[in-house]
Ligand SMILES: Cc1ncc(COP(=O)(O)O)c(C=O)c1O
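First comes one chain, alone, set out as structure tokens in the form predicted on its own.
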């Protein structure tokens, strides 16, 4: 049992394996035992800017010295500029921002906004999805974290997601989804009661559940289905946003304009607790004459706004989104090489600096992988029960660091899963 006087999340306390962090720089973090770990998972997917970014810390300090606390209805420069920058990243038509403390709250308030604007109750999301741990966001969530808390808020309907290498319709990754999962949402909107769904919530690429990249026409077909039904479309960019997939936002890869965009994680790169709902004018105008029944005590906290604003400036100055797009093919190339080295089938998928490899092996082999990664001081998201290892490094990682890290992962994977007789040595 843990000797610490607090709970560890998403685990039994007897199984908790904490690391005592002491600092970090770039794509690396350090621990109290003197370890220096290559962070291939951006901690909890949030450290897009990297560790030890002093300019973000300095921005927080400056803001704290000037204005350290506020009220939800207050106005100050960092709050205004941050909202303006978010709207510019979202693109034409987006007109308002609702600030939150994180991703779950962003999705909670997107639910509230959708219900108020449409007057409808229901929402649609996917089985392999994660939208947050609060009760509304958890109701949207499709993965293992939802069932222990049921019953949750009513009205959420789940549909299947895009696993193109196992598509029940026979499609494959990159193919047109003319008979595939995009039609599932269209069909569900109709069969579950046309005109009763307030919103469809989708991660552009479901990250924590395996980096499933949709076919090119998936998002456009879902957008068309929502338009035909009158349902809103919400892009949950909490994990995918701010360069993770190589664009400012993941949905932008497919030229679709959602009604709302929810963000957090990379917004302040973990340096402060902040999230937001970015709202299109066609939704926001409802509240010109109607009360917005949403609010939070720490709405747009000054130090959090300062951290987020400086983070966005850093991304722009360093070309972080473009760097992610450039390294995406490198990450897939190296993971493909790892897959060929293994004695088991190990599909690879990803977009930008978000990718997964899924070796088909027993849980015991995955436990061995975890131990091998710890020996090599590699941090990433290993989900043995779901059979995935997910890569989401800080966007500042160099190509040399990325290649080195994935090849070291490959050595660990060979030790855990066995080597292919025709594998390619690193």
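Keep in mind that what you see is a predicted model, and the values were worked out from it rather than measured. Residue numbers count along the first chain shown, from 1.
The next section is about a form of this same protein that is not shown, the form predicted together with this ligand.
Although the partner is absent here, residue 238 sits close enough that one of its heavy atoms falls within 4.5 Å of this ligand in the predicted bound form. Remark: residue 270 does not count among the residues lining this ligand in the predicted bound form, judged by a heavy atom distance of 4.5 Å or less. Proximity of residue 214 to this ligand in the predicted bound form falls outside the 4.5 Å heavy atom cutoff.
In the predicted bound form, this ligand sits beyond 4.5 Å of every heavy atom of residue 258. The putative spot formed by 104, 130 and 265 is fully lined by this ligand in the predicted bound form; each residue has a non-hydrogen atom within 4.5 angstroms of it. Residues within 4.5 angstroms of this ligand in the predicted bound form, judged by any non-hydrogen atom, belong to 230-238 and to none of the other stretches in 189-197, 230-238, 305-313, 118-126. Residue 203 is the only one in 185-223 with at least one heavy atom within 4.5 Å of this ligand in the predicted bound form.
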